[in-house]
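Shown here is one chain on its own, the form predicted on its own, set out as structure tokens.
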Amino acid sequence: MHFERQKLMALTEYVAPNPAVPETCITPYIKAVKEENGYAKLLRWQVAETFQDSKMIAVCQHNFTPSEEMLLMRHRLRKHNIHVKFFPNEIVRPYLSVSKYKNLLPLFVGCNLMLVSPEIKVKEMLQILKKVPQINLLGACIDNTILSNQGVVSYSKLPALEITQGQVVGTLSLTASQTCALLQHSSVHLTALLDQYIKQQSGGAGETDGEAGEGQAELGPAKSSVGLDASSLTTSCT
């Protein structure tokens, strides 16, 4: 081909326009899904089971504690059916964020441990924690109610449920008895007044009968004296 023709063909060669949307935007970006570790799955299952089966969940700050003291504390807590649980914050926080316990999230910062129990044993737990100053109580969830440290202390001072129920029953029965007494007060008062009136009437009638008997007794001796005088007169006449 002639040299000038080659230049002409190069100048008139068709050049396709660039697409309006880049190819990187059209092709979806596939992110590799990382499989969760089996141990992490087990911990998540244990966290969910712990929160579902426990009525008392106390969150504590765990400082350095000698192993002997920690073992002794666990033994004392286990006597009251209170168990110590250690879970990483990376496992607990995702569960709390989608559950009804999400208000506990600010407590899970740093190194924490949980004291859980299927029963409410607040007083026993506080007595044992007083002997371990390295573990500080931050808050708790007791019977689906989130309490602060001071709230847990105030809760421990409340009387037992049986005592409270007895006090409520006594108050209700006292109110009912007072109402019954008020309703019966008028009838009882009227009955007492009628009894008093009957006694007064019967006493007045008895006094009248007694006065009449005394009058008859006074007339009796007079009649006998008159009879004696008449007999003496007849004898003198004869």
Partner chain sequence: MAVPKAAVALRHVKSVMVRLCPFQTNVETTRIFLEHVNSKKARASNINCVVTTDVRHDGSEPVVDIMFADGDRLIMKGANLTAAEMLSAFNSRCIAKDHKAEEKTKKKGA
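Numbering follows the first chain given and starts at 1. Because the structure is a prediction, the values reported are computed rather than measured.
Missing here is the form predicted together with its partner chain; even so, the following discussion is about that form.
- Shown alone here, N112 lies within 4.5 Å of its partner chain in the predicted complex, counting heavy atoms only.
- Although the partner is absent here, F64 sits close enough that one of its heavy atoms falls within 4.5 Å of its partner chain in the predicted complex.
- Shown alone here, I142 lies farther than 4.5 Å from its partner chain in the predicted complex, counting heavy atoms only.
- Using a 4.5 Å cutoff between non-hydrogen atoms, P106 counts as a contact of its partner chain in the predicted complex.
- Here the chain stands by itself, but in the predicted complex one stretch of 114 to 122, 72 to 80, 134 to 142, 162 to 170, 134 to 142, has heavy atoms within 4.5 Å of its partner chain.
- Between the options V84, L147, L129, L96, the residue in contact with its partner chain in the predicted complex by a heavy atom within 4.5 angstroms is L147.
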